[in-house]
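Below sits a lone chain in structure tokens, taken as the form predicted alone.
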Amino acid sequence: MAQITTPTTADVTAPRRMGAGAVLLALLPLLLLGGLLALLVVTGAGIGARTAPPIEELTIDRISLPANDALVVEVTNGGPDAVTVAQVLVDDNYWDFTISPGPEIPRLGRATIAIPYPWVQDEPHTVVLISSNGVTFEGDVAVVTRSPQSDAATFWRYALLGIYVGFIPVGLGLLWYPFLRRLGRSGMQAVLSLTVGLLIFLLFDTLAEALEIIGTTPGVFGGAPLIFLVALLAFGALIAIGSLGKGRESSKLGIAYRIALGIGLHNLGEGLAIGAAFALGEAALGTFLVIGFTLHNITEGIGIAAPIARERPIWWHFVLLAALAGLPAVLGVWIGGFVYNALLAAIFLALGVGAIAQVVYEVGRLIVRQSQEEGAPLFSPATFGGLAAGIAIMYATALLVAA
């Protein structure tokens, strides 16, 4: 009678060697897919010649005024077909124009249209682009004023704006650290809950801003789902990185740095808004945003300092925390003022959403752990009051920006 041998666990779980045959098996579906795609392109997928008119979509990304007699329009083709810009109307009048790299803009291509138009200070103007098929694409400049020049002086002025908006107010908020050290158990739980409230507001605020910006981009880039997916991936990546500690609890200083990182990505978005406002000539709006964001961001320092209120970090940690949370605003102003791209701005903000969500998770765990260690209820009046106060404070200061 033949003896039946049972494979051992080692035989079952032992990985097989990756030889040339295994590589071929991995590539076979891709090779077959490539052949199928080539067949579809050659045969037109069997649906015959196309008889429908082309689908033209052109998004006006930005209209700037670099000189007293010039309008510059930046566009992106988000449609399935190429678009040829044939004519340009400014305030219902046809005008000469030059377009770079050329009048035909391919799918997902970008172009810059220069129009020698003598615009009038403080008056609205409307630009209409007309394709070779007669499709129109319209953009407006609400209040016209000359855009700042891309020179060294403007570069440093923008940097100073970012420091005013980000680094200085966050640093001032960190000065509450000595006061936080004097709080008792209930007071510290309230402040940690206050931090969660601040971060929850920032999370929703950043998400709303990202969705608003992505709404101005061509739909082919993904729209709102792209924002949620990038945020989810950022959240998961940060959780995965945190798990490298092999079960060790996160240090409170590490949590403070992660809070600063999440706030920094949020402040990057604020810098984008300010830089874009100045670049588009909306200087009055830009100045108002600077004042509003400066007052709004001082509360962020409390959220960074709260987890380390029982620690004694070396002084330079506070400088690094303020820089990590505040200096991204400088980068944001530069990007918004000089090379603004709505898609990249939305992606940056989506990363901020994921980072802030991960920090809310970390601080929430810290609150739960401290409640368990002290035998105190998790949802006490102190914790709920701190959470509500954090949201209320951020909302009240945000009105200075939104008004």
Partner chain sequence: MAGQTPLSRRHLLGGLGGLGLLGLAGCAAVATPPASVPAPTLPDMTAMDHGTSMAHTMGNILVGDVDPAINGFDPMTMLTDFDYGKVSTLPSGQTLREYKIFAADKLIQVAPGISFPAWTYNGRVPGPTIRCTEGDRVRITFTNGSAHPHSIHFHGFHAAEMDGVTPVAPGAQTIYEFDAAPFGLHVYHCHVPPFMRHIHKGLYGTFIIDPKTPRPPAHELMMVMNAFDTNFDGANEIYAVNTVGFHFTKHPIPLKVGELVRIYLSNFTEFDPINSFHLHANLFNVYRTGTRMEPSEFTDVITMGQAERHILEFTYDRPGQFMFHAHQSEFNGLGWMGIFEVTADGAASAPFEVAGRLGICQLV
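Computed from a prediction, not measured in an experiment: that's the story for all the values here. Numbering follows the first chain given and starts at 1.
Unshown form predicted together with the partner chain; subsequent notes refer to it.
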item: Contact test in the predicted complex: G219 vs the partner chain, heavy atoms, 4.5 Å; value: no
item: is_contact(A67, the partner chain) in the predicted complex, heavy atom dist at most 4.5 Å; value: yes
item: Contact flag, P118 vs the partner chain in the predicted complex, heavy atom cut 4.5 Å; value: yes
item: Touches the partner chain in the predicted complex: L229 (any heavy atom, 4.5 Å); value: no
item: Contacting member of A86, A208, V319, I239, with respect to the partner chain in the predicted complex [4.5 Å, heavy atom]; value: A86
item: Selected contact from L203, I99, A323, A277, since only one has a non-hydrogen atom within 4.5 angstroms of the partner chain in the predicted complex; value: I99
item: Candidate stretches 128-136, 164-172, 328-336, 263-271, one within 4.5 Å of the partner chain in the predicted complex by heavy atom; value: 128-136
